[in-house]
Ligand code: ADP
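First, one chain by itself: the form predicted alone, in structure tokens.
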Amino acid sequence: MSSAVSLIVGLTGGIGSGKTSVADRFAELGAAVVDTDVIAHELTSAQGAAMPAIIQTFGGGVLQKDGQLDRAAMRRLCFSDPAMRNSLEAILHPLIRSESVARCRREANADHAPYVLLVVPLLIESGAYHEHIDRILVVDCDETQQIARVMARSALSEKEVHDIMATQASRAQRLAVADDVLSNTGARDELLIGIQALHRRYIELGRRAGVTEHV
């Protein structure tokens, strides 16, 4: 990729691993962050680009009163019928991927950050982003912590969290393909130290890649 930024890092991790908090800290340090979850929410807002196809496919029963997607209703529908989940993914995933790649390019060309962090919860599962990223960063924690964190922040039951985790890559699968791993099982200070170390490393890797591109 020939641009002002020479490094794009794909950040991933299981539900409840702490991806958002980690991405926010990287942003505070100066990284440009593109979050596919944010894009997904924009696409499924009342006027979102995905809504006409979602309404045509699933009907008005998956809408909230304000016209945006009722994510809880859609989650229940998709978990009760895998074909429904496949239909939703066929609508959303291409739109999310296209927009996220476009935003990465814009951030790269803006020349205001040393590297881009692309946050993709299903990075390992989809395989669709690998050609667009240079490294994979996995935020890791044990499954017990994942379940506890998700239940604490949402109204999901333990079974519902397990159901979501069953659709994601396993912890072992994520770690097997990681270039970098951030452990989010201990104290917050330890996590922040790890983020700062990786931030410095990514700046240096981006600088080296930029030099190589122009040799």
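Everything numeric in this text was worked out from a predicted model, so none of it was measured. Throughout, we count residues from 1 along the sequence that is shown.
There is also a form predicted in complex with this ligand; it is not shown, and the following applies to it.
- By the criterion of a heavy atom within 4.5 Å, His162 is excluded from the residues contacting this ligand in the predicted bound form.
- Put simply, Ala187 is close to this ligand in the predicted bound form: some heavy atom of it is within 4.5 Å.
- Shown alone here, Arg149 lies within 4.5 Å of this ligand in the predicted bound form, counting heavy atoms only.
- Using a 4.5 angstroms threshold between heavy atoms, His199 stays clear of this ligand in the predicted bound form.
- Contact annotation: of the candidates Gly10, Gly206, Gly194, Gly16, the single residue with a non-hydrogen atom within 4.5 angstroms of this ligand in the predicted bound form is Gly16.
- Along 45-84, not one residue places a heavy atom within 4.5 Å of this ligand in the predicted bound form.
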